[in-house]
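Consider the single chain below, provided in structure tokens and representing the form predicted on its own.
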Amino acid sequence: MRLLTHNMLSSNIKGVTNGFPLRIEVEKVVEKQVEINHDFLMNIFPKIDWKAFFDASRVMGYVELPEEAPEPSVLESDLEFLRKFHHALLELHLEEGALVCPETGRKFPVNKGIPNMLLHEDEV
């Protein structure tokens, strides 16, 4: 599971009002090379919740991102930042582990890079 995916997921358990961001429990992280696409990165950047993204990248062992989100104009001028953003967003994969609801503590397993967000009957 890429951090791009993590940034879009939340817990939909009945009664949960604060289901984002899901906490990551890491068992295995893999890096998969992906060709960089500047247009995609520039378009997705404003949609990313930076604090959740920054925290998730740290949990995954990547410490190259700034704590505060830079201005979008940085994407046009700072190729080094763009490369780091690309790497964290698209090349780091949570292969095995879990996503944990911040409110209930419910764990959603991640196996072979696929998060299982299915709810139990009593959670719907």
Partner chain sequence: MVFISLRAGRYIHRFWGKCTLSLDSFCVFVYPVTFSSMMEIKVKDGSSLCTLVPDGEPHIMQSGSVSEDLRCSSISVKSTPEIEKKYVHRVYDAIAPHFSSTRFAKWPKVAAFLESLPTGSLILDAGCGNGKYLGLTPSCYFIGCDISAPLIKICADKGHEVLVADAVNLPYRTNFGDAAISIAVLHHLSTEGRRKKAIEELVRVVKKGGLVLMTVWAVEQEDKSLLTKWTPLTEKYVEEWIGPGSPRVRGPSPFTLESIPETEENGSQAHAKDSNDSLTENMQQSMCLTPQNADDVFVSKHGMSQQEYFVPWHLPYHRAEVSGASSGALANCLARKDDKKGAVVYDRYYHVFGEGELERLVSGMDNAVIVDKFYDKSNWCIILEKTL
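Given the structure is predicted, the values throughout are model-derived calculations rather than measurements. Numbering follows the first chain given and starts at 1.
Heads up, the form predicted together with the partner chain isn't pictured, but that's what we're talking about next.
Annotated contact segment (heavy atom within 4.5 Å of the partner chain in the model of the complex): 38 to 46, selected among 70 to 78, 38 to 46, 57 to 65, 23 to 31. Using a 4.5 Å cutoff between non-hydrogen atoms, Pro102 does not count as a contact of the partner chain in the model of the complex. The shortest heavy atom separation between Ala88 and the partner chain in the model of the complex exceeds 4.5 Å. The partner chain is not drawn, but in the model of the complex it has a heavy atom within 4.5 Å of Leu9.
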